[in-house]
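Shown below, as structure tokens, is a lone chain in the form predicted alone; questions about how it binds or moves come after it.
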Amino acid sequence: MIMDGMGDRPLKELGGKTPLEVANTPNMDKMAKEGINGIMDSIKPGIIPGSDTAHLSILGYNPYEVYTGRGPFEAAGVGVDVLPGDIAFRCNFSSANDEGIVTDRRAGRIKKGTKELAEKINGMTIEGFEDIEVIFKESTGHRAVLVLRGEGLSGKVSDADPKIEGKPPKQIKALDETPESQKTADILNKLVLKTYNILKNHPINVERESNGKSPANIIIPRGAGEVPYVESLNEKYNIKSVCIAETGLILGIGKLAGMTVIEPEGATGGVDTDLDSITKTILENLKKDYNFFLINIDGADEAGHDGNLQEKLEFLEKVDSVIGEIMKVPNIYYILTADHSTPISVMNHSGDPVPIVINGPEVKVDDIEEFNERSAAKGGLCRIRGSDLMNILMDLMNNSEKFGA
């Protein structure tokens, strides 16, 4: 189970403690008491990981070889059948004013109506590039995906995301001198402007503005990438795997890795996600013949990005009850960790190592009694990298082969 963005840094308002040290998490603490603890650099020390590269590393892939950009994983995760040669992007539904300034990068964290908005973008024609097919689909919340399909395209282009409100979308630029990159950049710059003209007067946005909400009236593409080849996880480790996750990104990683993917009903990827539904989905599938589960719960990351300490504390405590239910299942190896830290003080990912605990049969229990960043660092697992985790788990499961005679 990967609690996205769970890790944090000491905060003055918490007396120099982290949210995990302050939150009431009796089930996580029970896992710590009954398991072996440590800290993990999902890629390597000091490297700030994205959720995508972190998950790839944790699953035993080399992200420096497999990762071409976030877009292909997002696209696969929301059900787009990406093909070799496709260029895919993750996108935000964002808000812009008449001067072209982005006023809300996440369109007020829109939850409803994005399907209708996406239908207006999907299949649009870009003047001068009529041979290029535009595939656009909504994901969860403000997220969406864009796929460009056709001849002479490249993933070597920059993002349109200005990163902060109060600025216009960035001009997308070719990252090399090839005609394919320049063509792709030209298409995207026209596409961004055209999405505003298409969406600004859409009934969904008219209604949102009348209710004082930010409109979802412009599309901001980022994370360009060509569709990569990913070795099947099931063949790589001789397992039968399932991915239970909330966001298109993680579901896409699971799909491209050949896993069965399941999105629980009511999963939003935010602090308002339906944790009861997620718990039910996990427990129901534990009764089936899968023997490896990748579970991702995302809300702590959202709270960290928003700098909302109270929401992060409350969400950690809510997820603790999910952990309590899973711990009732006998004879399983249960790993709890994060893909990265999203400190409240940073409001973004950081390179801090994350706590990890492994619970299950024949685990060498250490003397750690609380699950948090500081306590875990004293545990018997010591400090590992994400790329070590599958090997450790396969060994515990007696599912690995001896190296040497």
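Remember, predicted model here, so these are calculated numbers, not experimental data. One-based numbering along the sequence shown.
If you look for the form predicted in complex with another copy of the chain, you will not find it shown, but the lines that follow are about it.
Taking non-hydrogen atoms only, Pro26 never approaches another copy of the chain to within 4.5 angstroms in the predicted bound form. Within this chain, Ile39 lines the site of another copy of the chain in the predicted bound form, having a heavy atom no more than 4.5 Å away. Shown alone here, Leu251 lies farther than 4.5 Å from another copy of the chain in the predicted bound form, counting heavy atoms only.
Taking the partner from the other structure, another copy of the chain in the predicted bound form has a heavy atom within 4.5 Å of a heavy atom of Ser51. Each of His349, Ala377 and Arg385 places at least one heavy atom within 4.5 Å of another copy of the chain in the predicted bound form. Of all the residues from 1-21, those having a non-hydrogen atom no more than 4.5 Å from another copy of the chain in the predicted bound form are Asp8, Arg9, Pro10.
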